[in-house]
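Encoded as structure tokens, the following chain is the form predicted alone, with no partner shown.
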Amino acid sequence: MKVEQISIFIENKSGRLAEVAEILANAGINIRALSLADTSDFGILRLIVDNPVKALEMLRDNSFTVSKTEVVGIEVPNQPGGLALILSILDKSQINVEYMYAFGERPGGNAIIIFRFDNIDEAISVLKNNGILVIACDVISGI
């Protein structure tokens, strides 16, 4: 139920983000979700892609500093309070959310949010025990 996320260190220079997108495009890799956090000198681009192994290889071959981390995709009711419910369950179990970003909306109408937890295995267990749908990696890759 864990999803592989690629994190790319990018210098904050014109064209660097475009270079990453072009490398992935030329390799036939589709970006499913992304988050970009930056400072004045650099940024961290986090991606969920349909082929993380190939993406890592292609980016490393082009001298980018990249790493792979595990995150969790959770289906969240797309209604007022949907996210609050998930966060309340996590808070009651004292599970810390390091960061999160929205993935999009599934055909069924619910949103998908990507979470990075301090204790990923415990978080998955708590969510499942509370009836929250944790989305499998292959499902996310196929969206």
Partner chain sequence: MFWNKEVETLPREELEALQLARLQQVVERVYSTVPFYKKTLDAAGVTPGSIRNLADLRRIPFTLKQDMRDSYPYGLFSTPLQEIVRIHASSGTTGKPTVVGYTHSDIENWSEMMARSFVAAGVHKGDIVHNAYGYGLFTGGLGAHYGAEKVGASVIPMSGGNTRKQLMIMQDFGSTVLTCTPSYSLFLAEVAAEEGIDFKNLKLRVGIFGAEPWTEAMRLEIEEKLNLKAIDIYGLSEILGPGVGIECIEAQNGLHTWEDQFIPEIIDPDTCEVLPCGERGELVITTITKEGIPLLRYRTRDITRIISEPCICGRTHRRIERLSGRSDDMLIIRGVNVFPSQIESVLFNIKGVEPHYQLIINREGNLDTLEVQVEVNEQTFSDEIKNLQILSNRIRHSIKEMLGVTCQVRLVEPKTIVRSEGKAKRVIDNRKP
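Residue numbers count along the first chain shown, from 1. None of the values given here were measured: they were computed from a predicted structure.
The same protein also exists as the form predicted in complex with the partner chain; that form is not shown, yet it is the one meant from here on.
Would you mind picking the one in 90, 66, 33, 58 that has a heavy atom within 4.5 Å of the partner chain in the model of the complex?
After the contact test, the surviving option is 66.
Proximity to the partner chain in the model of the complex, single hit among 102, 27, 44, 85 (heavy atom within 4.5 Å)
It is 44 that has a heavy atom within 4.5 Å of the partner.
Is the gap between residue 8 and the partner chain in the model of the complex 4.5 Å or less for some heavy atom pair?
Heavy-atom contact with the partner chain at 4.5 Å: present for residue 8.
Partner contact for residue 16 in the model of the complex: the partner chain, 4.5 angstroms, heavy atom:
Taking the distances in the model of the complex, the answer for residue 16 is yes, it comes within 4.5 Å of the partner chain.
According to a 4.5 angstroms non-hydrogen atom cut-off, is residue 37 in contact with the partner chain in the model of the complex?
The answer is yes: residue 37 has a heavy atom within 4.5 Å of the partner chain.
Residues within 4.5 Å of the partner chain in the model of the complex, restricted to 75 to 91 and counted by heavy atom:
Residues within 4.5 Å: none.
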